[in-house]
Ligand SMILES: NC(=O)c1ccc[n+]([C@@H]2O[C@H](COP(=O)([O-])OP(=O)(O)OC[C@H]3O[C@@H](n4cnc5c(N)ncnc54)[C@H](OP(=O)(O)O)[C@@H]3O)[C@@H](O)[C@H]2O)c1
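In the block that follows, a single chain appears as structure tokens, in the form predicted on its own.
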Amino acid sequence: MKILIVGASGLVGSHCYKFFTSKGFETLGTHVNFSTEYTIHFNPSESQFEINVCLSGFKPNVIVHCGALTNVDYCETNEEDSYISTVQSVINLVGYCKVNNCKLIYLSTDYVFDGQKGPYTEDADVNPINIYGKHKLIAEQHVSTLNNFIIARITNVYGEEARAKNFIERLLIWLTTNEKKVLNLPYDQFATPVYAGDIAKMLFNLLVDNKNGIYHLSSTDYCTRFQLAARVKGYFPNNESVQIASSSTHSLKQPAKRPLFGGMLSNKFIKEYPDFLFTSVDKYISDYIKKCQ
């Protein structure tokens, strides 16, 4: 099987690339802006003709689309950029998959929900409340026109990453290096943080078993951003350089609305893979500290 990982230099994409490669799949990783030694430049938002030319040599059986513009506030104030990155890239890849009988795995988000009744199952009603969520939902709708696809919704992903952009990784770096930071975090935005390595393994299972449709990929943790930061900081009781304060979402005045009771339930996945063991936030933190000692 030949797998193309779009956005393989990012958090989820890099874990997918490494895990799929370790399982013997012929895997090609791509990047748009941030290059690595194992990725080539590929912009899925280019014209359909350019997409076809770029992929004609590799001819993947499966495309895993991990690339995304995930800055929610930027998307809210730059709607065209958000559309090109999120929607147009999917339109192009869907077009390629239809012509070449290729499976598409698309990474989506819990921001397709309004955050009134989370955590959500796959059959919950969608109702995005910001541009990022609206564009991700439009992209999902395009993906669902394929005969062979997986829409994998994820949120609050953490893990080892070349640029250390994810929240937990950055917080651990600040705490271990005693960098001075003051964080004002919402106490009323709930989500389900999930380890990127688990996502790669879950996608692998779904792929090799030829699963189809929508899957929520989350862990067993459910907390607010403030609670999450407090849990991480709790492993560093003597650290005084990183200060954490709690605020309401309303008081933060973020450009984009946030789903408050977000997050997702992986019940569907767990029923199909009852022996799958999830990585908890606490295990990840403990392993990170051990590596630093």
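The numbering used is simple: start at 1 and walk along the sequence shown. This one's a predicted model, so the numbers in the text were calculated from it and none came from an experiment.
Heads up, the form predicted in complex with this ligand isn't pictured, but that's what we're talking about next.
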Can you pick out, from 139, 104, 157, 75, the residue that has a heavy atom within 4.5 Å of this ligand in the predicted complex?
157
Since exactly one of 211, 163, 117, 170 fits, which has a heavy atom within 4.5 Å of this ligand in the predicted complex?
163
Heavy atom contact within 4.5 Å of this ligand in the predicted complex, the stretch among 200 to 208, 106 to 114, 176 to 184, 142 to 150:
106 to 114
Can residue 8 be called a contact residue for this ligand in the predicted complex at 4.5 Å between heavy atoms?
yes
Could you confirm whether residue 44 comes within 4.5 Å of this ligand in the predicted complex, counting heavy atoms only?
yes
Close approach of residue 56 to this ligand in the predicted complex, 4.5 Å, heavy atom
no
Might residue 32 be said to contact this ligand in the predicted complex, defining contact as any heavy atom within 4.5 Å?
yes
